[in-house]
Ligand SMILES: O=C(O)CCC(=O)C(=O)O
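Only one chain comes next, encoded as structure tokens, the form predicted on its own.
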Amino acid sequence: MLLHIPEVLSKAQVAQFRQQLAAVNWTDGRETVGPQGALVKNNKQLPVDSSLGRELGAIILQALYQHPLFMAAAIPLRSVPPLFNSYQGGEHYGLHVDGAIRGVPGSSLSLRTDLSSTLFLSEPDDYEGGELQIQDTFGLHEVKLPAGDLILYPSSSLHQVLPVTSGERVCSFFWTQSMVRSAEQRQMLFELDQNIQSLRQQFGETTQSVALTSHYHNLVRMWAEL
């Protein structure tokens, strides 16, 4: 499932983020990948131990964990603190798959990367190229979203960032472990949740919506891993 989650950050927040990120030193993005990724990765990245990165990442996660669409789709257990990257002057990230396990910096925790997130901090008109291409069973998808919007997609997907031929593409990215390991089960839960919300909007709380909500939570109870 690829899901566009709009307005995770406001335009004012994006502008503040960009102002702060413009004042820091970026490092070689290959420092945070393994040997295979280093062969195809060519971008700049905020250091993992950056205090600014931790500050901005906490704002992103707070906003996202209050966003009902993300919570319904991801059913998150925990997320890696968001990282930040920059592409310009032809920089790109070739076709790759995200590693299955990620450590959580500053802790002894690790997580299974079920879901990948890219939060756009540049407007589409700010740069040429730089589309995020994601391959799944339904084909190839190109993603280039407004600043403040996020794309959520399975970490098991092959994906790449096309070369940025002009301007600058700035994004935040991170991974989430879901309480529900199975992508198919998460999809069913998400669709059930969205239909329950739609019924409530149309008819208010009814006997049927209560029964469906009970069904939803019993499925989560059956499938969740904590």
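Predicted model only: the values in this text are computed from it and were never measured. Just count from 1 along the sequence shown to find any residue number.
From this point on, the text means the form predicted together with the named molecule, which you will not see here.
Using a 4.5 angstroms threshold between heavy atoms, Thr118 counts as touching the named molecule in the predicted bound form.
In the predicted bound form, the named molecule sits beyond 4.5 Å of every heavy atom of Val164.
Within 4.5 Å of any heavy atom of the named molecule in the predicted bound form lies no heavy atom of Phe190. At a distance threshold of 4.5 angstroms between non-hydrogen atoms, Phe173 is in contact with the named molecule in the predicted bound form. The contact with the named molecule in the predicted bound form, taken as any heavy atom within 4.5 Å, belongs to Leu132 out of Leu150, Val80, Leu132, Ile75. You can rule out all but one of 67-75, 103-111, 121-129, 82-90: in the predicted bound form, only 82-90 has residues with a heavy atom within 4.5 Å of the named molecule.
Residues of 90-108 placing a heavy atom within 4.5 Å of the named molecule in the predicted bound form, in sequence order: Tyr93, His96, Asp98.
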